[in-house]
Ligand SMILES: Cc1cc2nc3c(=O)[nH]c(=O)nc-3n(C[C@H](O)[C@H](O)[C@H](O)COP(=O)(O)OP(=O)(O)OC[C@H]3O[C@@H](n4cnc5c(N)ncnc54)[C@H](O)[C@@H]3O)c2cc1C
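Let's start with one chain on its own, the form predicted on its own, as structure tokens.
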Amino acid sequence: MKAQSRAAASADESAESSRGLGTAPIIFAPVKAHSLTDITIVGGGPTGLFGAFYAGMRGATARIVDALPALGGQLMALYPEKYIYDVAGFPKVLAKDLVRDMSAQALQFGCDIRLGETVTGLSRVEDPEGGIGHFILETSDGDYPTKTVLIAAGIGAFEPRKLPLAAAETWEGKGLYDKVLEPKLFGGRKVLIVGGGDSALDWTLNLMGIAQSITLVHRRDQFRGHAATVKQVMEHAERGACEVRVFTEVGEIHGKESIEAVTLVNTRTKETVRLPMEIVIPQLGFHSDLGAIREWGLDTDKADIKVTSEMQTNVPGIYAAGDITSYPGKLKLIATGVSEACIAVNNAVHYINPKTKVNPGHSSNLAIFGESET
């Protein structure tokens, strides 16, 4: 965080929220650009979206800032057509459909959305009367005053790991894809998937019935994905629905205008085999970086932010939730992220106005939803 405080925002920008966090009437209206909000959420993925919903439920104004061009985080940027199986209430749900419904839930209270804006800095404006003051979140497109900040940036700025192959980039868009945005593009094609994690395993399953053939290769014989998914892939392989090759890496890609074949290398014997192939999909994980957030003076663990059980960072007024957080026993799931968003918002609301309850009670009893509070 910058050592010097920014000048106080203009009167319009510093006007107190009309929604109120105490006993004042709750009025829901779209947040004006550059107005002082109660909670600014960095990240528009599932955790950030649920944080925006919960802020509205608590009568707090909220703003989401995300560098991506659309809400949904990794779900929309990397695998909108991928099924998700571990979200409560859904036996399975397409990532894009989950984002659609979570967005509708989040935006019902008029959350301000700022997409395509990269966070560049953060500074604090002190309250001359001794109050909590507020922050100025700086982005590539503007500065936003906010009483608190909730970091829900997933794995931070992410970049898919590239296939470790000389001149691999020359095949990008010519049969080499590190993202699967439109599975139909692979219809009737010979597909090679590279990797041993959940994404590689999931796409092996999800492209069945679409691709002509699917071969999954992994440089080891132990997979990092969920045991149930590994078992499912192996069962399909036994039935001949796909092929799984372990201790195998891609040695070379062949073709003229597009991929026509690949040479695979056995990592133990060094034997090679050339297979006809049209599509190569590396699923090797991501490089992640906190970016400008790293300069805010937060306690971090590599690319994660350390938080307390209240989702509070070491800087008062800054909270974090979702995959970007670190604490003993942390489990990186969407279900965990939405729970952490609730905890973070409740404590942010209490930080802004200590007279408010940390726990609002059950939503089925809240007047905000037309119920009778008991």
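For every residue, the number given is its place in the sequence shown, counted from 1. Note that this is a predicted model, so its numbers are computed, not measured. We call the rigid core whatever largest set of C-alpha positions still superposes within 1.5 Å between the two forms.
This next part talks about the form predicted in complex with this ligand, which is not shown.
Among the residues N266, Q74, T300, T263, the one placing a heavy atom within 4.5 Å of this ligand in the predicted complex is Q74. None of V307, M57, I343, I334 but one reaches within 4.5 angstroms of this ligand in the predicted complex through a heavy atom, and that residue is I334. Three-residue candidate spot L78, A153 and I293; every residue lies within 4.5 angstroms of this ligand in the predicted complex by at least one non-hydrogen atom. You can rule out all but one of 212-220, 117-125, 141-149, 162-170: in the predicted complex, only 117-125 has residues with a heavy atom within 4.5 Å of this ligand.
Under a 4.5 angstroms non-hydrogen atom cutoff, this ligand in the predicted complex lacks D38 among its neighbouring residues. Using a 4.5 Å cutoff between non-hydrogen atoms, V65 counts as a contact of this ligand in the predicted complex.
Using a 4.5 Å cutoff between non-hydrogen atoms, T47 counts as a contact of this ligand in the predicted complex. Put simply, D86 is close to this ligand in the predicted complex: some heavy atom of it is within 4.5 Å. Residues of 245-279 are not found to place any heavy atom within 4.5 Å of this ligand in the predicted complex. Taking the rigid core as fixed, one finds a CA shift for G133 smaller than 2 Å between the shown form and the other one. If you fit the rigid core between the shown form and the other one, you'll see the Cα of N206 move by 2 angstroms or more. Put the two forms on the same core and the Cα of K92 is off by less than 2 Å between the shown form and the other one.
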